[in-house]
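Only one chain is given next, in structure tokens, and it is the form predicted on its own.
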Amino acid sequence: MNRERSEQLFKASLERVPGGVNSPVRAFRAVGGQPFFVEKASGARVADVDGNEYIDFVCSWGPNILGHAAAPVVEAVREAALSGLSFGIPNPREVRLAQMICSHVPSVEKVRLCNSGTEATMSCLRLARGFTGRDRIIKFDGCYHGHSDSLLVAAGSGALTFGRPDSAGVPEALAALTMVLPFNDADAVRDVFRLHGKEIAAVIVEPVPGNAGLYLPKPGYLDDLRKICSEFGAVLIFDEVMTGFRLASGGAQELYGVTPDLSAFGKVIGGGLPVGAFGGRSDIMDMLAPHGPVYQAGTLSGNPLAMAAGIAQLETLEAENGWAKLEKTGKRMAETVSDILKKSGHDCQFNQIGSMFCLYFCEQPVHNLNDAKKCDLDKFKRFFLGMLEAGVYIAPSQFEAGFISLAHGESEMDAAAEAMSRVLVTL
């Protein structure tokens, strides 16, 4: 494929933008080469500035669950824009979206709208600390919760070791308040609580981690987290920025039947526009200013365009029985990929739940970050580049999830499967 115009844009971007991109994974560092620049997108496809078209399984990293430029969302945003782009004053759409979130997710009795998933998770932690009067938190290897200081922390040398900064600019003293444990190991969580239970404000977890590829919680694992937090008086936070309103109407917590104290949302509730939200038990949420002592604010929170897009997207999903359709497409994809892999002779693992998936190039099942790190990254790189040349865009990293939208019909899924069969033969 010719990508001359994309190459020119990337060269120009490097002069003014750090790394040439505004989010690191877009730089293609993990797969080599240079990113392409999108000119337009519609349905399940994106077209770059050189006229190349790709079937898109990134879907803007999840929010475009109806597909790109979905008519109901575009029309809703256009109508809202005619009345003003931002007010800094309450508007009716804020109330409507808040009602919809609480209606879909029973654990959310009250909700605060914000502007990003990072802001939502950061606010959940501050709220949990304010509510409990404690400072320490637990997070898990492979779970990404945005780039706030408390959460950019890597694990120490053992399951009971306090964290250390995973990014320059994060104070060690702050990182030391975050303990990082392996996902899917409830015993490790209980051991930490036995030692430090009176100091731990919260446990934050992606119920289905989608930032180290995609792997699923083992049976009973999320229930164990719920029991441990309840026993020690800590706040259980589900980061459903990826999974909320994508895996089911009520998110992963609906699928697994586990009730967190707080939940963070984003992605789907903005229909492709910047948005975030966090909510949960009323007694915790009432700690927020202006009612309580925990401060959180945002000039653009409840932006009318984002609210209009989110309402339109959720209403369309409801009207079209969207979650059931996505589940059906996801299962069909898993069956098709399984058949392709059997014929290819490659040692791979394909993890899928609802409209999320990941293909790992490794022999053993992937249950946590340590398992994922055993993948053949060079083989993934060659697979990614082969699929890209075949007109199929997947995430440019082994450690990212893929997404399906309602716009992915039989023609797109069949074309992607055919491309996959051809590319695997060349690896």
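Each residue number is its position in the shown sequence, starting from 1. Quick caveat: nothing in here was measured; it's all calculated off a predicted structure.
FYI, the form predicted together with a small molecule isn't displayed, but the following is about it.
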key: in the predicted complex, the one of Trp61, Phe28, Phe37, Phe361 near the small molecule [non-hydrogen atom within 4.5 angstroms]   = Trp61
remark   = Note: exactly one of Ser301, Asn351, Asn91, Thr118 sits with a heavy atom within 4.5 Å of the small molecule in the predicted complex, namely Thr118
query = With the partner left out here, if you bring back the small molecule in the predicted complex, are Phe140, Arg190 and Asp224 all within 4.5 Å of it by some heavy atom?
reply = no
query = Out of 106 to 114, 175 to 183, 73 to 81, 204 to 212, where are the residues with a heavy atom within 4.5 Å of the small molecule in the predicted complex?
reply = 204 to 212
query = Taking 4.5 angstroms as the cut-off for heavy atoms, does Tyr256 touch the small molecule in the predicted complex?
reply = no
inquiry  = in the predicted complex, does Asp371 come within 4.5 Å of the small molecule, counting heavy atoms only?
reply    = no
Contact label in the predicted complex: Met242 to the small molecule, heavy atom within 4.5 Å = yes
request  = Using a 4.5 Å heavy atom cut-off, state whether Trp323 contacts the small molecule in the predicted complex.
outcome  = no
